[in-house]
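One chain follows as structure tokens, the form predicted on its own.
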Amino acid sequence: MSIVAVQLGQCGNQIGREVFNTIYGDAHGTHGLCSRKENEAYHDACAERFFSEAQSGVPVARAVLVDMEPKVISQTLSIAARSGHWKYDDRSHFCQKQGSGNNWANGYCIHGPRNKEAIMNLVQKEAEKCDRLSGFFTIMSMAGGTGSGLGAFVTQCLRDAFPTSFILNHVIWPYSTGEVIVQNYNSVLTLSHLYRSSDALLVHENDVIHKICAQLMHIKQISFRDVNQVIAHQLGSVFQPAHTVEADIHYSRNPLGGLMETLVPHPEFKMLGLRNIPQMPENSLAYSTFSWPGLIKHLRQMLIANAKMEEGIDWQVRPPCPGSTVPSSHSTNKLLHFNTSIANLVILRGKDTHSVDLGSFRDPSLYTSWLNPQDAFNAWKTPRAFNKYEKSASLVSNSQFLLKPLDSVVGKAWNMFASKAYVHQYTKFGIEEEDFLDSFTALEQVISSYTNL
């Protein structure tokens, strides 16, 4: 089944391009440990998901590009075409001459309704090219105006037009010390509206990815492209083909449906985080070896201690003892940092995946009490290595990982709103104070639900 990407705003289009680049490069490489038949099956499954064949023979990304300014879209189209390996459809993009000025209300209330028909026509045409449509993968940021405001509006339109298709929103969380003064307003409005329309929100935090670039990739002067390439690697590690059932000879045909079934058992809990190990500069790979027990041990501790990368993990954090409701005073502080999960998915890529022991992820103490631990954990595997890593493991988690940043964003936005700072910039485009209050209420409910796991 095919996935249609909807790239929204400057950030969404730049990341989308890197994602397709990563996916294409990985799919068309061969892996010596895999048979020719295995490599061909992997390539075909990937092509079905993300590309359609043009008459020229160059694969065309299943994507619609949307921005209110033409510069980034024209760059994205030309860079993809220059590669000679794959390209975007020249007719599957929409742009205007004027941006949203970092104002969510401008994107949602003005640009959205004004351009709805043109954008949705492009989406409809892309969906009709699919033999079987799995759903939509939207890529957007929360801090600005177009990605956030127009992105929320388009997501709502997708839900109305394709009520039975899956919608996964990939959301870039702004830097905690960002340059957009109203980024917390934009973030609160974006998240609350996406929560109504989307099946799940897969979140990447700019601060975390920046730290990975500096500490793991050893990049001295970090550019947006460096950040986007790390994000694209992590997304590719999830969306590339894998076997969802042990000993299955066919790759999963419905990746979005598989993710939702595995990770979103209740509509109140839609926040997904992603961790991937190992991550290192390409020139270090030849000198590095990894064992599955070591990777799994690190990944599990990253989960329970809410560590976003494999450096600096707090190994003192432990799950609560079975049957214990009140922790002892000695362990109270460590338990307070324990990251409770609703559901987890581990994806293993590389040799000997069939022999990996994942029992530690089935520990009931990792999960909320209202879900059967057998239903809360799943594993996908493939013997084919990903992106030149001999062995790699990804963890997609529906857990309390985002509680602190979400609470911070809502708190900062509320403090600004209480003093009516910049509110007039939103009301002039049609967003009322009541809309802000509804958004605060919705997100406070999300915080409460995750806190009480």
Partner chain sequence: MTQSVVVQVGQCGNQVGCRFWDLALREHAAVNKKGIYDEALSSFFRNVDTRRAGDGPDIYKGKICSLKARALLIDMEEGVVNEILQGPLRDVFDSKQLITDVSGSGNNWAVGYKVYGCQYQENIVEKLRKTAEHCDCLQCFFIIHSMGGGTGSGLGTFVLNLLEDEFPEVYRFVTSVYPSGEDDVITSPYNSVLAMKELNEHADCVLPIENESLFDIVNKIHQMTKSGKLGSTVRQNSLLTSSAGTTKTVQEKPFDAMNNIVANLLLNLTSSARFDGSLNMDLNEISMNLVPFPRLHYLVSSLTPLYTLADVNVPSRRLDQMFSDAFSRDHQLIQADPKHSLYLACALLVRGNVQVSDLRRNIERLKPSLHFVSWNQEGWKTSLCSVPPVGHSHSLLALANNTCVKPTFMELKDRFMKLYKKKAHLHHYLQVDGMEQSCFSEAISSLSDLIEEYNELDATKGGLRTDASRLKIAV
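Numbering follows the first chain given and starts at 1. Just so we're clear, the structure is a prediction, and the values are computed from it rather than from any experiment.
Heads up, the form predicted together with its partner chain isn't pictured, but that's what we're talking about next.
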(message) Using a 4.5 Å heavy atom cut-off, which of 177-185, 274-282, 353-361, 164-172 contacts its partner chain in the model of the complex?
(response) 177-185
(message) Considering non-hydrogen atoms and a 4.5 Å limit, which listed residue (V58, A41, M416, C34) is close to its partner chain in the model of the complex?
(response) M416
(message) Just to confirm, with a 4.5 Å cut-off on non-hydrogen atoms, which of I313, I222, A81, V208 contacts its partner chain in the model of the complex?
(response) I222
(message) Within 4.5 Å, heavy atoms only: does N21 come near its partner chain in the model of the complex?
(response) no
(request) Using a 4.5 Å heavy atom cut-off, state whether N103 contacts its partner chain in the model of the complex. (result) yes
(message) With the partner left out here, check for me: in the model of the complex, does some heavy atom of K71 sit within 4.5 Å of its partner chain?
(response) yes
(message) Even though the partner isn't displayed, in the model of the complex is Y426 close enough to its partner chain, meaning a heavy atom within 4.5 Å?
(response) yes
(request) Check each residue of 393-416 against its partner chain in the model of the complex and list those with a heavy atom within 4.5 Å, in sequence order. (result) D407, V410, G411, K412, W414, N415, M416
